[in-house]
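Taking the form predicted on its own, here's one chain by itself in structure tokens.
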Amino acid sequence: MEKAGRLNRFIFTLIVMFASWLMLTVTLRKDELVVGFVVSFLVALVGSDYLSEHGLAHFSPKRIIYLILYIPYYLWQILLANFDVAYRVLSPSMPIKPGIVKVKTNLKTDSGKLSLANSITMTPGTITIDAKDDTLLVHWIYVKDASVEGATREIGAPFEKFLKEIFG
């Protein structure tokens, strides 16, 4: 995919920054909206060349639908992982089997790989400690399968099926 024009990248960055502002502030007060737009405008003005390569090409109905589906799925995975970690902490025998495993990814874009690494890290019980090419190094609180295929299936694949559609 070819690099988008400057205006295209600016508009994309402005939209993403303002949408992020709205999600973080969770308010529709006029003063908040004005400040959010001004800050988003300035960030887009200064950083759109660094924050986006493809601009509005990222906006497709399919990607937006997968992003909307990913958010509750991701939150559900966080909830499940919280209960799992709480069980391990509160259990008298502390059933942990920590280890570092390799997780392979089929994601091709840096944005997709970054989102996968962050999704893994934000899920309690796992933390991405390194990323190189198509491999993530992950610390896992309870290693169920130390093989690359097993760790990929358990840790990365559930997120990757969505992220592949969102980031290509």
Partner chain sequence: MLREILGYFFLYFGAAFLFLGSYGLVRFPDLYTRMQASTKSTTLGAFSSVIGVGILHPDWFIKCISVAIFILLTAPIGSSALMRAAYKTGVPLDERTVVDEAKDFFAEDEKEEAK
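Positions refer to the first chain, counted from 1. Only the largest set of C-alpha atoms that superpose within 1.5 Å between the two forms is called the rigid core. Remember, it's a predicted structure, so these values are computed and weren't measured experimentally.
Just so you know, the form predicted together with its partner chain exists too; it's not on screen, but the next bit is about it.
- In summary, among the residues 65, 39, 122, 51, the only one with a non-hydrogen atom within 4.5 Å of its partner chain in the predicted complex is 122.
- Only one of 137, 69, 35, 46 lies close to its partner chain in the predicted complex, with a heavy atom inside 4.5 Å, and it is 137.
- In the predicted complex, none of the heavy atoms of residue 29 sits within 4.5 Å of a heavy atom of its partner chain.
- Contact check for residue 109: every heavy atom lies farther than 4.5 Å from its partner chain in the predicted complex.
- Its partner chain in the predicted complex is not approached by residue 15, whose heavy atoms all lie more than 4.5 angstroms from it.
- Residue contact with its partner chain in the predicted complex: residue 60 places no heavy atom within 4.5 Å of it.
- Site residues 8, 163 and 166 are none of them in contact with its partner chain in the predicted complex, judged by any heavy atom within 4.5 Å.
- Residues of 120 to 135 placing a heavy atom within 4.5 Å of its partner chain in the predicted complex, in sequence order: 121, 122, 123, 124, 125, 126, 127, 128, 129, 130, 131, 132, 135.
- Core-superposed comparison between this form and the one not shown: the CA of residue 28 exceeds or equals a 2 Å shift.
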